[in-house]
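Next up: just one chain, as structure tokens, the form predicted on its own.
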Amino acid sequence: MNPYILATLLFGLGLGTTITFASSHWLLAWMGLEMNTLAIIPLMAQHHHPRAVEATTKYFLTQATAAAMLLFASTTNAWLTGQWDIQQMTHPLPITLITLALALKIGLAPVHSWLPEVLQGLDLTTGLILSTWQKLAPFALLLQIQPVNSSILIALGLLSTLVGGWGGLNQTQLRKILAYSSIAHLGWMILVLQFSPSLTLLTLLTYFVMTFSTFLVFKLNKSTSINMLATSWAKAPALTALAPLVLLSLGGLPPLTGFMPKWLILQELAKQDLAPTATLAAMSALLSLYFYLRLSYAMTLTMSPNNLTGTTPWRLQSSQLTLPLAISTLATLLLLPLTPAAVALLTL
């Protein structure tokens, strides 16, 4: 792709998100979301592969539906209460509609089924943008509206953690596994959204760091399925040794960074007298943990059956940029001791 066009599209992505961040009026927020969607569509379809075009079409249709629903709900709100302000939402009908529209935008269960299909059709770089940056603007809106009825968010959150764990069990494609992992993590964030918005934000940031390093590991190895992970040893031995730790951090095992948000969320849910919800969420995390362990096993504990003849690839200089991967991997593995600092910041 022409670098000028790429720069324009990335600028459009950033601008759309920033407009949504800065807006206090529903129409402006909607405009930012639309700019976001329209900027990523050429990036998704740039390879002109039938699967990429199919994924782009599916993405466009779901995002357009969600945006139309959001516009309809905000218009309804203006009609019922005379308010366009995001902070001044009082009527339960538009609040529920907007919550569902934003759930469709980020891919929460039960309106999640587009996400694995779309992610499977994209290359890993665009998939990374879709899994991280594209979640920011809808989350900014979700954090600003205070739901009248808290049970809808708890239901969406629990269903997402369960579907995210259950759906990934039988997958062999890495991008689909990452999509289900994304659904499960979003479920955790939504569970605690109304009790501690700052904790949701912390979870979102740690999820971004962990997903960033996971996508970059797969991109460096050029892996798109579980079978292709088995040849990682010959390509990047040191990275292959660290990759299971990154995956287990994504699964939320101590003493890795991924344990911090899960620990704090379970603690917050217990404080709110929601012990059964916390138990169900913790049990669903075991489902996700299974497929992360499966990936770790395929990557480090199995040897590839085909011998790579000639010069082993890892002796050759890699042209790929590895500094972002190094920083994000370190952050994925070693940030758990900063939990007290994070908790102190949350309570400010």
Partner chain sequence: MTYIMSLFLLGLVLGLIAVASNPSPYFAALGLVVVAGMGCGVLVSYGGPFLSLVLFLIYLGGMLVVFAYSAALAAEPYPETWGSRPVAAYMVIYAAGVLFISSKFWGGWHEVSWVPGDELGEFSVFRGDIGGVALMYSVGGGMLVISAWVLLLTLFVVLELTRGLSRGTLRAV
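All values derive from a computational prediction rather than experimental measurement. Numbering follows the first chain given and starts at 1.
What comes next is about the form predicted together with its partner chain, which is not displayed.
In the predicted complex, its partner chain stays beyond 4.5 Å of every heavy atom belonging to residue 338. Using a 4.5 Å cutoff between non-hydrogen atoms, residue 15 counts as a contact of its partner chain in the predicted complex. Proximity of residue 64 to its partner chain in the predicted complex falls outside the 4.5 Å heavy atom cutoff. Among heavy atoms of residue 5, some come within 4.5 Å of its partner chain in the predicted complex. Shown here without its partner, the chain carries 103, 111 and 147, none of which come within 4.5 Å of its partner chain in the predicted complex through any heavy atom. Contacts between 1-39 and its partner chain, taken as any heavy atom within 4.5 Å in the predicted complex, involve 1, 5, 8, 9, 11, 12, 15, 19, 25, 27, 28, 31, 35, 38, 39.
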